[in-house]
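First, one chain by itself: the form predicted alone, in structure tokens.
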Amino acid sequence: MNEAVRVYAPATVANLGPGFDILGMAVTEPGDIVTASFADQPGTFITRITGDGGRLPLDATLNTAGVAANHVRRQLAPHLGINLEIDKGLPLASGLGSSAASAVAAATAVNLLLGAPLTPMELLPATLEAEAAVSGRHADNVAPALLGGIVLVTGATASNLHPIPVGPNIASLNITLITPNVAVPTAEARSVLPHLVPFPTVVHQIKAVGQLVHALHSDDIDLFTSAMMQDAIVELARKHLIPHFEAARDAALGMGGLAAVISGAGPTLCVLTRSHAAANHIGETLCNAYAAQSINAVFRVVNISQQGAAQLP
């Protein structure tokens, strides 16, 4: 066993347009870092959190990192004590899988601290328990944060996680993540979704998801980005929660964006481009446009991360 372990877990982009609750993608940055070490008494304890502006609870039963870590500790070594330190690199309520990253990093760190008896797939129950505590039992963020790449999620067990190949063409895409300083809690974003959807709309959505998955298997950039833009249900319901969303999306597409979709619950806008220069230009222009509306925003140009949670030196 190790004396202390530091683990990085990446941000994730859920849904990818039409794949609500069933598709998620890991990106190279930002991410959360959790350090796990042994405590003097049994239990799970959060001793420090940085990067959250004091907004997250130190109570391990109310924090996704604490919940996930405690699940792994109880499973592997209930007689031991674990201390956690959390460095939040992800903004809260941003649509980038912040709660999932903390949970995945913590579960992975405790597993490694105790000699790594569990595989990443076997850490899924711990991370799902943590997500359920704050935003519902769904794996579209924790799965890619654990495994990396793009994952199709068809249920809440390891056998329902299906990593999809990411070929060199799609892997080469640049991803601009523009995050305005507007919180969109997952619970609120889910509350606005329709309970009934017309049958033709359902057929359209199924077609789009099928095209997206086929595009990944065939490494077809044009089909992949076209399919991402075909969500006919979730974006329509959520776009009013994000100030100036339509203007930002249309501007991004006009500056070389191949696809522009809400990342997860939002408010982050995820834009795909072939050109790194175009990706930076889109980010700078949209941040300036938000500033003109008295809204602070930040952007990052990232790539698909083929690696999920990983130990740091």
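Values in this document were obtained by computation on a predicted structure and should not be read as measured data. Numbering starts at 1 and follows the sequence shown.
Note that the form predicted in complex with another copy of the chain isn't included here; everything after this is about it.
Asker: Exactly one residue in Ala187, Ile164, Met121, Ala171 has a non-hydrogen atom within 4.5 Å of another copy of the chain in the predicted bound form; which is it?
Answerer: Exactly one residue meets the criterion: Ile164.
Asker: Could you spot which one of Ala77, Met229, Leu112, Val213 gets a heavy atom to within 4.5 Å of another copy of the chain in the predicted bound form?
Answerer: Going through each option in turn, the one that passes is Val213.
Asker: Using heavy atoms and a 4.5 Å cut-off, decide whether Pro18, Ile206 and Ser218 all contact another copy of the chain in the predicted bound form.
Answerer: Looking in the predicted bound form, the three residues Pro18, Ile206 and Ser218 all sit within 4.5 Å of another copy of the chain (heavy atoms).
Asker: What stretch, of 148-156, 128-136, 77-85, 112-120, brings heavy atoms to within 4.5 Å of another copy of the chain in the predicted bound form?
Answerer: Careful reading of the contacts points to 148-156.
Asker: Quick check on Val234: any heavy atom within 4.5 Å of another copy of the chain in the predicted bound form?
Answerer: It does: once another copy of the chain is placed as it appears in the predicted bound form, Val234 has a heavy atom within 4.5 Å of it.
Asker: Is Pro243 one of the residues lying within 4.5 Å of another copy of the chain in the predicted bound form, judged by heavy atom distances?
Answerer: No, Pro243 stays farther than 4.5 Å from another copy of the chain in the predicted bound form.
Asker: Report whether the minimum heavy atom distance between Ala289 and another copy of the chain in the predicted bound form is within 4.5 Å.
Answerer: Because no heavy atom of Ala289 falls inside 4.5 Å of another copy of the chain in the predicted bound form, the answer is no.
Asker: Report yes if any heavy atom of Val197 sits within 4.5 Å of a heavy atom of another copy of the chain in the predicted bound form; otherwise report no.
Answerer: Within the cut-off, so yes.
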